[in-house]
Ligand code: TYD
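Only one chain comes next, encoded as structure tokens, the form predicted on its own.
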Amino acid sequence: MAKSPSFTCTACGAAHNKWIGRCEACGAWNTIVEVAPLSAGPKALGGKGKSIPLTDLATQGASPPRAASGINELDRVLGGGLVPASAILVGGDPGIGKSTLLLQATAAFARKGLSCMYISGEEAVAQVQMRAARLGLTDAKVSLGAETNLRDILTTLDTHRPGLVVIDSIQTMWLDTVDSAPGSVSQVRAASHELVTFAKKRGVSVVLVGHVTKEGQIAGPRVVEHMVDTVLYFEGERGHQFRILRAVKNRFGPADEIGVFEMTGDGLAEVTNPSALFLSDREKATPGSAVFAGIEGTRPVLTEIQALVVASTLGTPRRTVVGIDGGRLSTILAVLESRCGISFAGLDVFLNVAGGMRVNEPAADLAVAGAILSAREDVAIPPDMVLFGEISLSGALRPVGQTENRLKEASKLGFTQAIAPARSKLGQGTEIMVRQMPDLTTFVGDMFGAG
């Protein structure tokens, strides 16, 4: 039985059973193309294919040696260094510093003796050389090229066999076997597959730079993120000099690990103590300020959460959030009103994480509630106190993981008090005074005399 033709949108990848002028999924015009069906394959099992080698789970081979760049923040996010034959996808907003970071990383690996190649599809060779001169990287032995034809790039890689190659960016690559424009879903998928396959067969580590959409997701098909071994996001606010390199997927190390960098005139500089940096401009005894002891990957990081509560002149009060999920703020305000009797009707609430940091951990709930109540009641939280704990819908405070590491980081930076949920595992030899609260009502009454 003949297979019916399949049609795919080159803009969003949506499948259709017939050609139409406008894609129903994304609304793009004239992006529907016919996709040739796959071959039927062998007609019977056990045909002309060859048997693949099998092994058992107990077989242990030697772990592949990792190549360290010497940039500790980068090596931390990679799980200890670069694994041979690995495929890494790096995404981030335009102008955030992806090319600067990868050029510095490539030069660092080259200085450690690794054969490195940098292929740019967005800039001319002279432009990359100008950036290298500004960053002081001209002494690094990095092979530089500018090309978008993937066939020529793979031929060059097969000839020179570098240990590491950076492709900047995957959206500019063009494969002549795919009948669509560069940057389309089909081109990105096919080019990524060819590069990842080459990396595994030839033992070359490949770093792909990916553009992001306005929602912050890497542009193109999500299947690219499944193909690669590691997915890194380079984050940061344009108004702040801090940049966060975050691993959202890593087959060779922990996910959600972060590396912190500071953008300077000479490029990106490592931040070895992010907690001290994020708290450096913190004023003392200021209402609306609370310090959250969080965990990013395996690293404890202290950040300041700021809140402002003012009378609203609008019919619907504003809820403005920067650095934290707005849904968490709405939930915390609802719990405060329902369980503690504290109303925020007619009040605008503004919430911000200082330093451009983004907090995704539910353990920040208690610090958020503390900052909001401090701003509302005009009562400052002691400057030597940290807070952490998850707030449930019943108003109870739930314990969170790695309590001991949070307290050690707070003690290292001079904090002497902490508020944590009841039943938290404090560990031995805790040098900081911990007050454990069973629920939000107790916290509100003890800290602000309300509730």
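Note that residue numbering begins at 1 and tracks the sequence as displayed. Only a predicted model underlies this, so the values are computations on that prediction, with no experimental measurement involved.
The form predicted in complex with the named molecule exists for this protein as well; it is not shown, and the discussion that follows is about that form.
The stretch from 313 to 321, 362 to 370, 137 to 145, 261 to 269 that comes within 4.5 Å of the named molecule in the predicted bound form, counting heavy atoms only, is 261 to 269. For R299, no non-hydrogen atom is located within 4.5 Å of the named molecule in the predicted bound form, even though that partner is not displayed. The named molecule in the predicted bound form is not approached by T331, whose heavy atoms all lie more than 4.5 angstroms from it. Put simply, R131 is close to the named molecule in the predicted bound form: some heavy atom of it is within 4.5 Å. Contact check for G95: a heavy atom falls within 4.5 Å of the named molecule in the predicted bound form. Here is the short version: of T303, T230, S120, S99, the single residue with a heavy atom within 4.5 Å of the named molecule in the predicted bound form is S99. With the partner removed from view, the residue among K249, R358, H211, R189 that has a non-hydrogen atom within 4.5 Å of the named molecule in the predicted bound form turns out to be H211.
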